[in-house]
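We begin with a single chain expressed as structure tokens, specifically the form predicted alone.
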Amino acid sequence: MMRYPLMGLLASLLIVLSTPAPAATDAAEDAARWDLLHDMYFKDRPVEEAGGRIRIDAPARAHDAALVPVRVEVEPSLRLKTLSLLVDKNPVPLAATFHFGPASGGGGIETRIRVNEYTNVRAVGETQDGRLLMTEAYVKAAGGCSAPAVKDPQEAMARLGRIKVKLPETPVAGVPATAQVMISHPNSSGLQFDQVSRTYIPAHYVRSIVVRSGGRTVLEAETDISIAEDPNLRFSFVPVEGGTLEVVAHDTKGATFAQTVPLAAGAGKDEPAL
């Protein structure tokens, strides 16, 4: 009399065992998505695991999905030509590509990104000989691309394009130093909803940033909507005796913003806040 219930139980068990576990399904979906992004941004070029030569530091669970801090560290002996930062599941996955110039002090970068849903965040570095090295971190966050801006729209437009540069207290010519560039800009993603007009706010964001030290290129950044409001970059550069650090940014409406600060002790630290 127990035969048929037992057979039903075994059949149910077989179904459960043959169904992919959520983790396995997620891993397969992540791999498929990366295959698509690989083809989209790097074509048929092989991408190797960085194996510690490039490291990415991002919060496992972000406090604010619209302002997720990301730091990419690069082994000192590894000179990168470019560094691409991707957020796999964002509407525009390629957040930024950084091209490093002769005045760069190293291929590391810090910035803040938007994260739209649980996703891998990847850093892909291109070496001087053309190899591509990748590292990744998994970030739990949601809604970052459609989250309302922190600043009041009128305040944001009043400060539009204001650039603040932070330099070390005593930069030494020829010795790599760290600088921080902050640009006041709403970086509207086009996915944010205006509760007053009941319409979507048009996309309006910084699309490029160029930094030079004494006229020599430190980095050139191509950026998109996955970079957070008020773009913020921290990087290494090589100071020039008696030189300056120059920053030029362009946005999608054709506006150009620029700032030049002298490479003197404490320069830039007392500028007004953004």
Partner chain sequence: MTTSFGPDAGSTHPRAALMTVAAALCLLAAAGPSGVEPLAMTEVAPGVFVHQGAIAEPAPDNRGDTANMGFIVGDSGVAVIDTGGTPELGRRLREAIAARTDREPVIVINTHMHPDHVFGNAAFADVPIAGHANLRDALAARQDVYRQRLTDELGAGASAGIPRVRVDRPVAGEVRIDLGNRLLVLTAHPTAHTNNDLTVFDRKTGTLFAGDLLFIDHLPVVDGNALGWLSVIDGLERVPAIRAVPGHGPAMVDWPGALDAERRYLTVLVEGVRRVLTAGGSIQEAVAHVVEGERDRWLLFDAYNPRNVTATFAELEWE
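By rigid core we mean the largest C-alpha set that fits within 1.5 Å across both forms. Residue numbers count along the first chain shown, from 1. These numbers were taken from a predicted model, which means no experiment stands behind them.
Another form, the form predicted together with the partner chain, is not on view; read the next lines as being about it.
Query - Contact stretch among 119-127, 187-195, 84-92, 133-141 - heavy atom within 4.5 Å of the partner chain in the predicted complex - result: So the stretch in question is 187-195.
Query raised in the report: Which residue among E49, D39, D26, D57 has a heavy atom within 4.5 angstroms of the partner chain in the predicted complex?
Result: Checked against the cut-off, the match is D57.
**Report entry** Candidate from H204, R79, R159, H99 lying within 4.5 Å of the partner chain in the predicted complex - any heavy atom
**Finding:** Filtering the options by heavy-atom distance leaves R159.
Query - Contact check for E110, K166 and N232 against the partner chain in the predicted complex, heavy atom at 4.5 Å - result: Heavy-atom distance to the partner chain in the predicted complex: all three under 4.5 Å.
Query raised in the report: So in the predicted complex, does L67 come within 4.5 Å of the partner chain, heavy atom to heavy atom?
Result: The answer is yes: L67 has a heavy atom within 4.5 Å of the partner chain.
Report task. Answer yes if any heavy atom of Q154 is within 4.5 Å of a heavy atom of the partner chain in the predicted complex; otherwise answer no. Result -> Yes, Q154 is a contact residue.
Query raised in the report: With a 4.5 Å heavy atom cut-off, would you call R45 a contact of the partner chain in the predicted complex?
Result: Heavy-atom contact with the partner chain at 4.5 Å: absent for R45.
Query raised in the report: Does the partner chain come within 4.5 Å of any heavy atom of V115 in the predicted complex?
Result: Answer no; every heavy atom of V115 is more than 4.5 Å from the partner chain in the predicted complex.
Query raised in the report: With the core lined up, does the C-alpha of T170 move 2 Å or more between the shown form and the other one?
Result: After core superposition, the displacement of the T170 C-alpha between the shown form and the other one stays below 2 Å, so no.
**Report entry** Core-aligned CA displacement of Q128 at least 2 Å between the shown form and the other one
**Finding:** Shift at Q128: below 2 Å after core fit.
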